[in-house]
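Here you get one chain, nothing else, as structure tokens; it is the form predicted on its own.
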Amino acid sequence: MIANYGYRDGSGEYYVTIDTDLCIECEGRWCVEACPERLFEIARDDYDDEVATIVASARKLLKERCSGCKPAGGYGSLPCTTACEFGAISHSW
């Protein structure tokens, strides 16, 4: 299942997408530790699998909260996507 967390406003679309079919394969949950903003958490999905999600209180603030990890923040690649060895995480912007 593809889970999209985020929002759309007048300036664009800001979604973190997690492919839960890939995410359930991960035992390390490295995305949780890799995110300097602590936006990821592990929760049970509708199928009772433990998968990464975005913290509910941050879902409408992703543009601001993720901006420090974008190239303008000095990163060459996003820590969360780099940490995810299964390629389950992507950003829409």
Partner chain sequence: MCRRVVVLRVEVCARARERRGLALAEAGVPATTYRGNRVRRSSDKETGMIVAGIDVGSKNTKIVALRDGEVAVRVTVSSGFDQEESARVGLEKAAAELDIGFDDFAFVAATGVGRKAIAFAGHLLTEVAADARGAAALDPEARTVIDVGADEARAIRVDEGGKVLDFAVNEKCAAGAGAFVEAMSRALEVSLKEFGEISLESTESIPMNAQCTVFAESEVVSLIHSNTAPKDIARAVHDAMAGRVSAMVRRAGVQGAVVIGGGVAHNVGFVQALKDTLGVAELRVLPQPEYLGALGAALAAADKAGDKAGEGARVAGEA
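This one's a predicted model, so the numbers in the text were calculated from it and none came from an experiment. Numbering follows the first chain given and starts at 1. By rigid core we mean the largest C-alpha set that fits within 1.5 Å across both forms.
One more form of this protein exists, namely the form predicted in complex with its partner chain; it is left out here, but the text below deals with it.
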Contact test in the predicted complex: G76 vs its partner chain, heavy atoms, 4.5 Å: no
Contact flag, E27 vs its partner chain in the predicted complex, heavy atom cut 4.5 Å: no
Touches its partner chain in the predicted complex: I42 (any heavy atom, 4.5 Å): no
Its partner chain contact in the predicted complex: E85, any heavy atom under 4.5 Å: no
Contact set, 71-87 vs its partner chain in the predicted complex - heavy atom within 4.5 angstroms: P71, A72, G73
Exceeds or equals 2 Å, Cα of G12 between the shown form and the other one, core fit: no
In the predicted complex, whether the C-alpha atoms of G74 and G12 sit closer or farther than here (change of 3 Å or more): closer
Closer or farther in the predicted complex: C-alpha pair G73, T20 (3 angstroms or more): farther
